[in-house]
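Before any questions on binding or motion, here is one chain by itself as structure tokens, the form predicted on its own.
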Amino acid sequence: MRYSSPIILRFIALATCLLGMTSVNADESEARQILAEAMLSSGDDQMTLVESLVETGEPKIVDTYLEAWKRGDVYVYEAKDGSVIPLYIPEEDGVSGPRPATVVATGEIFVNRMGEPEMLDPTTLDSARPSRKTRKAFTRVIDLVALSSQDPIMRADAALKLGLKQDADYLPVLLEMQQKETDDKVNEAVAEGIAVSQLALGSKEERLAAIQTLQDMNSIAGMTALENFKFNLKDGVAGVEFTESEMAVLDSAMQSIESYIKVVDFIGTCFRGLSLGAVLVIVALGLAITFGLMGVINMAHGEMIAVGAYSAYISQQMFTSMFASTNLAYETYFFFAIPFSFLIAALCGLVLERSVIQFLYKRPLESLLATWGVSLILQQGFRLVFGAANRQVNSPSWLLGNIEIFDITFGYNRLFVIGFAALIVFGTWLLMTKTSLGLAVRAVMQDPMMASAMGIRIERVRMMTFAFGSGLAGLAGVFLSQIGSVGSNLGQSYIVDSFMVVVVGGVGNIFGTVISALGIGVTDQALQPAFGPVMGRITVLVIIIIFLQWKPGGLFPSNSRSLD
């Protein structure tokens, strides 16, 4: 079925084609107009319009609607006045019958005369099927449209992606782009893509130059292409023959890139280990206070972490109800969630200390069993209040994304956790060494009887210390909510790690806790690539057991009358 089309739209599309490789980037509106025009056209006109989308620089719009067109989710609506409108009606699982439609030309919801969304049944509309010839052009158009994007990151990714395909049709496009591109980062990606393509398509001289280029660029993406090329040379299917000296050049390039990859992997492993260690520091620091300094085996420490995580979830829900999720004020909910979670967890710790712990000091077995019971009660309480399903806490937009330096990816949320862990450790150190409360805590820890004789109110110090340790666990919960979902068993996943970190660092030594957490985190990440996640974890536990056999007091053993 063929439909008439506005002449001016066709003129715009054809004019764009005639301009050829000019760098005119149409806006989203123009891309939509060309798509709508193409969906109402047929034959060569349709093909011409689809190919003209390459110049629009709107890969997201083009990709979305061409894929929808290919799937058969685009329909043609004939109005009573005879006008025709292409509509996008996505198929939804389990949904049939009338549903909202999107106008392809504008991206707006299709409405009736009253301005209300019109519900349309796709089975009553004509499907806008592309011709077989046009359908074959979709993949090429989607591949090429990103090259004209206004986003340099997207252009660079597209250029490298096309180069890795080693397609003879794309190599001239990349060579032409190299002459016009002005962004240095994009040009670097284009050169890398050209080198990878010429490795398979170029002459012998061009392939040798490509090998040198990939070596100079330390191209990790080109490493697979070099390996395949060497494999093809040995099988005699590469299309060229290399002498021994030329093979030595190829081997030298591969060794150089392999060495670079090892350095990148090493730094990446250190960063991942540092970020895991930072999480362990935050998780274990509260336990280092309650267990290390007060000598209380608090099996409910994990639930204090869960309290903090659920407090972050509540904060997000409060901000969502007050502000739209896209509102700038909503992005600040995390700053409110941090102190809110600390206070709620500290309050819970205060209640726990006054109701249970204060009667069980110097009775470790009873305190272990009692807090274990509290832990089970709290887990059931979480399920009763929040349900059995995990809750998702969305990260603010400024914590999403990452930065890449020398092929090493640094996630913003991980960098934030590392920075905040350092801040918490510094704050705890100040509290314990520069304040009267810290002096009282250390005095009670070292000799409670002498501290009491000096006028220190032991019960009050213990109460505040336990609440502070629980508050730190609540802070850990806030940050864990940014890494994964929040559930009633969240704390149980970290309680063993927390005790492990505190014991290895030396019971009662906060500095030892920090060193232990970072050491365990880096060791765990370093072993996982070689042994896998499970065996790597087992190996870490075996190393810790052997270490504690050698030094039962941990890295920095503490001596005090309370611990004795």
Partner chain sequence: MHSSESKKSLPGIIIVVAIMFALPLLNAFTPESFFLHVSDFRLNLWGKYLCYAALAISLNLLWGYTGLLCLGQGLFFALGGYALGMHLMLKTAQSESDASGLPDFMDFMGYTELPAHWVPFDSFGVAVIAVMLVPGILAGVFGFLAFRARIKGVYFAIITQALTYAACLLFFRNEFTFGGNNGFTDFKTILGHGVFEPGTQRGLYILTAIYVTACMFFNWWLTRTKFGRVQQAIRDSENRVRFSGYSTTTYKLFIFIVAGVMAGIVGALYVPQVGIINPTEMRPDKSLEIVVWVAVGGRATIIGPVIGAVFVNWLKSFTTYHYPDYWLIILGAMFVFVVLFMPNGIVGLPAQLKALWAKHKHRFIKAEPNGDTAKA
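Numbering follows the first chain given and starts at 1. Computed from a predicted model, the values in this text were never measured in an experiment.
The same protein also exists as the form predicted in complex with its partner chain; that form is not shown, yet it is the one meant from here on.
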| item | value |
| --- | --- |
| Its partner chain in the model of the complex: contacted by all of M318, L400 and L415, heavy atom 4.5 Å | no |
| L368, M247, A422, I458 - the one with a heavy atom within 4.5 Å of its partner chain in the model of the complex | L368 |
| Its partner chain: the contacting residue among R383, R99, K230, R442 in the model of the complex [heavy atom, 4.5 Å] | R383 |
| Contact of R537 with its partner chain in the model of the complex (heavy atom, 4.5 Å) | yes |
| In the model of the complex, F335 touching its partner chain (heavy atom, 4.5 Å) | no |
| Proximity of T123 to its partner chain in the model of the complex, heavy atoms at 4.5 Å | no |
| 4.5 angstroms heavy atom contact with its partner chain in the model of the complex for G484 | no |
| Among 490-498, 303-311, 422-430, 71-79, the region lying within 4.5 Å of its partner chain in the model of the complex by heavy atom distance | 490-498 |
| Sequence-ordered residues of 535-552 touching its partner chain in the model of the complex, heavy atom within 4.5 Å | M535, R537, I538, L541, I545, L548, Q549, P552 |
